[in-house]
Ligand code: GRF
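Consider the single chain below, provided in structure tokens and representing the form predicted on its own.
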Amino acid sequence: MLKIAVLVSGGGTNLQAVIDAVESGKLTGTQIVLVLSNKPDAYALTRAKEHGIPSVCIRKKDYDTPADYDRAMIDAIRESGADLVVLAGFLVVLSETFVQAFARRIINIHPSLIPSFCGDGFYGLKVHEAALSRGVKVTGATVHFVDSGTDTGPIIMQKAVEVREGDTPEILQRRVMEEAEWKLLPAVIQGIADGEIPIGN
């Protein structure tokens, strides 16, 4: 059984996609053992509660030093017994210490076809605004391993999504979620659960 901790900052739509996949039996051999947020009002925490998933809010401002904050997050994840850390809209820059604690056991979903529209400052609607501004005809989503850079880790899987005439950032964001993100993330987790995508020890 692959045990996963999902880290989120907001609404948790990708978290919901994983919950739905597990509960429907489409995603097998996987259990969500923790939902961790940096924001107490994140709707993702409500989603976790509604589905009986343990959850915790760990805020940076509640700790004296960045090292203390790192330790609190690392300890919470280790205590949950998670094998894999899934970043699903977690808007916190992870430290080298955190990344090394779970080397090649952290994956992230990003709403573009990396290396396009990624890196510092590219998150949420900003990604889709940039794609439309550039005039690309195809965008999509990427799941990748997390390293010490921003969206620079090895790519695991991508899915393309058509950009249509008249798209707004909001419309494009929704299409990328529905056609790419909500399918990709469960698919990658299934690949890891099945041993087809190797992760660190």
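Numbers for residues come from their place in the sequence shown, where the first is 1. Computed from a predicted model, the values in this text were never measured in an experiment.
Same protein, other form: the form predicted in complex with this ligand, not shown, and the subject of what follows.
- With the partner left out here, this ligand still marks one of 85-93, 70-78, 113-121, 98-106 in the predicted bound form; by a 4.5 Å heavy atom cut-off that stretch is 85-93.
- Taking the partner from elsewhere, residue 186 is found to have every heavy atom lying beyond 4.5 Å of this ligand in the predicted bound form.
- With a 4.5 Å cutoff on heavy atoms, residue 190 does not count as touching this ligand in the predicted bound form; it lies far away.
- For the partner-free chain shown, 177, 181 of 168-196 come within 4.5 angstroms of this ligand in the predicted bound form, judged by any non-hydrogen atom.
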